[in-house]
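In the form predicted on its own, a lone chain appears below as structure tokens.
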Amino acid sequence: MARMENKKAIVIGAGVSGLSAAWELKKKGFEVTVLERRDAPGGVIRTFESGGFRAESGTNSVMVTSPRLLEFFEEIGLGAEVERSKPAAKKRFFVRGGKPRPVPSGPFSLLFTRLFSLFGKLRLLMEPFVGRSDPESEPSVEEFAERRLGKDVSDYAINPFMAGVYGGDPKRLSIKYAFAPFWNLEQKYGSIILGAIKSMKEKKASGDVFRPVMVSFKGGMGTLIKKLAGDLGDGLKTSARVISVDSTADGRWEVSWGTDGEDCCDAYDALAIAVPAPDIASLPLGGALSAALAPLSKIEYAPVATYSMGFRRADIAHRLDGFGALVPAREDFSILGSLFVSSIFEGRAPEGFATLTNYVGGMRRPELAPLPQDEMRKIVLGDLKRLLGVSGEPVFEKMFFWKHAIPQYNLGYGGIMEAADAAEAAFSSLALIGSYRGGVGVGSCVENALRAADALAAKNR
């Protein structure tokens, strides 16, 4: 592998995307500097522990969809720390009639599920006979789901799923970008149901037998951040301010930055911008770069509060025998969903207790996300009492609020991504990375960051 001796790279933003890209660039021989405006790296990923309870500030897990991610965890020395989810995590609940209903896992369970009405089940079975969408069209997730799967399945399965992934509004999310697997199956096979079956057979025939797996780390998600940040050493600058970013005639970058104890102005061979899209506009970028990145300001972000609560197990009536319960918009609840985190991974609650992480706000109820904790507590606890039969008071609580939690892959997103591609084409030593590009999950962010770092290294050979 060629190493980039005497090459310098600078990464703006030390969330999981920026840290992953920086680690990869350093591995390839770059001298890497990472600038983070906050006093600690990690972005929305933090792990809090108290009295045997463990709470995550944002996501509780990583969905691994390819061997590359597991290989990366081994490379950085976390292979032994990877924790696979318990078998119970395979069971999911969506809410209907005020109660969590198991998501059907096959034809037999679909027949008897109470999640969908009889008409909804019959309508779902008609899906293979629905024609393809115009490939040049861009339906919303809701429009696409109702046309192919019927309104009942759209309301009680797709709607809560989109709330769980994006905190988003299916009326505004683009099926092409927010739920690309469904769009691609329809376009390739003419049916989601038949396409899923055929695609699985094709993968097996080709030898692609990797099965997605949900993981975290024995010390929580913060373990990943600590490891990546630690490996960067003095190259990671927290509480850092970016003073100016200008491209040079030879395709490099002149960046001025400072911290409380250090000021620097240097030339860099590669630049990765790894901050949320709304923060890009506030960076002091040179005129041409600023203009090229202006379309990214159109990306909306859902505000989300995560409120983790620990209870005595005897004070929760529900069996908590699954991943969690997501709530459709049609149901009379304020929370978007509740994850049964102590049923998913070990070490999330002491013996005889359970931890629930609840999500509030999103594009459905954005006004709720920034509420003060005393008001949020009443809302969340009230919903948990009705939804899961919680009868006692929490013995552990931890709340986080993120104004820019999840980017929304809304209608028209393709045009914004074309602008991002054009910016990278115009500035060949630039990489734009983050959850607004290529997937909002941690796994997608890491894999996309690694690819971006590889591309930057290839351009600097």
Ligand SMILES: Cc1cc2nc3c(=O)[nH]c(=O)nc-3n(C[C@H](O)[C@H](O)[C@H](O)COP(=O)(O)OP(=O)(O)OC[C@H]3O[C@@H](n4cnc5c(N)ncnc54)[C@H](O)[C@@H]3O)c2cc1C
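Residue numbers run from 1 along the displayed sequence. From a predicted model like this one, the values you see are computed outputs, not experimental measurements.
Although not depicted, the form predicted together with this ligand is the subject of the following passage.
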{"item": "Contact residue in the predicted complex, from 76, 89, 82, 242 (heavy atom within 4.5 Å of this ligand)", "value": "242"}
{"item": "One residue of 406, 431, 416, 32 in contact with this ligand, assessed in the predicted complex (non-hydrogen atom, 4.5 angstroms)", "value": "406"}
{"item": "Listed range touching this ligand, judged in the predicted complex by heavy atoms within 4.5 Å, from 23-31, 56-64, 423-431, 390-398", "value": "56-64"}
{"item": "Distance check, residue 158 to this ligand in the predicted complex, heavy atom within 4.5 Å", "value": "no"}
{"item": "4.5 angstroms heavy atom contact with this ligand in the predicted complex for residue 442", "value": "yes"}
{"item": "Proximity of residue 141 to this ligand in the predicted complex, heavy atoms at 4.5 Å", "value": "no"}
{"item": "4.5 angstroms heavy atom contact with this ligand in the predicted complex for residue 177", "value": "no"}
{"item": "Members of 11-25 lying within 4.5 angstroms of this ligand, judged by heavy atom, in the predicted complex", "value": "12, 13, 14, 15, 16, 17, 18"}
